[in-house]
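What follows is a single chain, given as structure tokens, in the form predicted alone.
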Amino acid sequence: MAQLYYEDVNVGDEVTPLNKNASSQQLVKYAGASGDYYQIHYDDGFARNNGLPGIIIHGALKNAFLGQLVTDWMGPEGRLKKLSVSYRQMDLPNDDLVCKGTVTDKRVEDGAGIVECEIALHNGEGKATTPGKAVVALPMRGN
């Protein structure tokens, strides 16, 4: 994984997109790892009986996908300082999801290169279902 440096980033730059496609099997594995066994994430009949179109992806898993978007982009020496998301719409398994982001601000703070990004998970129709923000500290060249 390549290292991204503060000096190489500009406001308006795109965060390298990350494609995801969560299968129902991944949801079961995530339920086991996270302890979130709410049936709407693995029992289709239960989900439909509760007014859903079928099983849905865990919100926290979508948050994790966006965290991966940012940490993959910043490289191994970057530090994720803040990650926040808002769940605006449900996402379904086996949909082609794309995590995207844009740099919205950059500054030097206490000798650290701080970069802020708007991020979002988009469903197969291109709609941002899980928008958020990330703040990272990137290494500066020569430090």
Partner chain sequence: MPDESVITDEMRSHLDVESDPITYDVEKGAVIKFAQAIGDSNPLFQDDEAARKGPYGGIIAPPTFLRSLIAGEAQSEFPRPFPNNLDGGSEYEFFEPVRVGDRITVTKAIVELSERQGRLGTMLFTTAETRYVNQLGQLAATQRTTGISYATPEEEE
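Just so it is clear, the model here is predicted, and its values are computed rather than measured. Residue numbers count along the first chain shown, from 1.
Below, we turn to the form predicted together with its partner chain, even though it does not appear here.
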Considering non-hydrogen atoms and a 4.5 Å limit, does its partner chain approach K81 in the predicted bound form? yes
Even though its partner chain is not shown here, does K29 get within 4.5 Å of it in the predicted bound form, heavy atoms only? yes
Y87, heavy atom within 4.5 angstroms of its partner chain in the predicted bound form: yes
Residue-level question: is L97 within 4.5 Å of its partner chain in the predicted bound form, judged on heavy atoms? no
Exactly one of L92, V103, A64, I114 comes within 4.5 Å of its partner chain in the predicted bound form through a heavy atom, and that residue is A64
Just to make sure I understand: among 14-42, which residues lie within 4.5 Å of its partner chain in the predicted bound form, judging by heavy atoms? K20, Q26, K29, Y30, A33, S34, G35
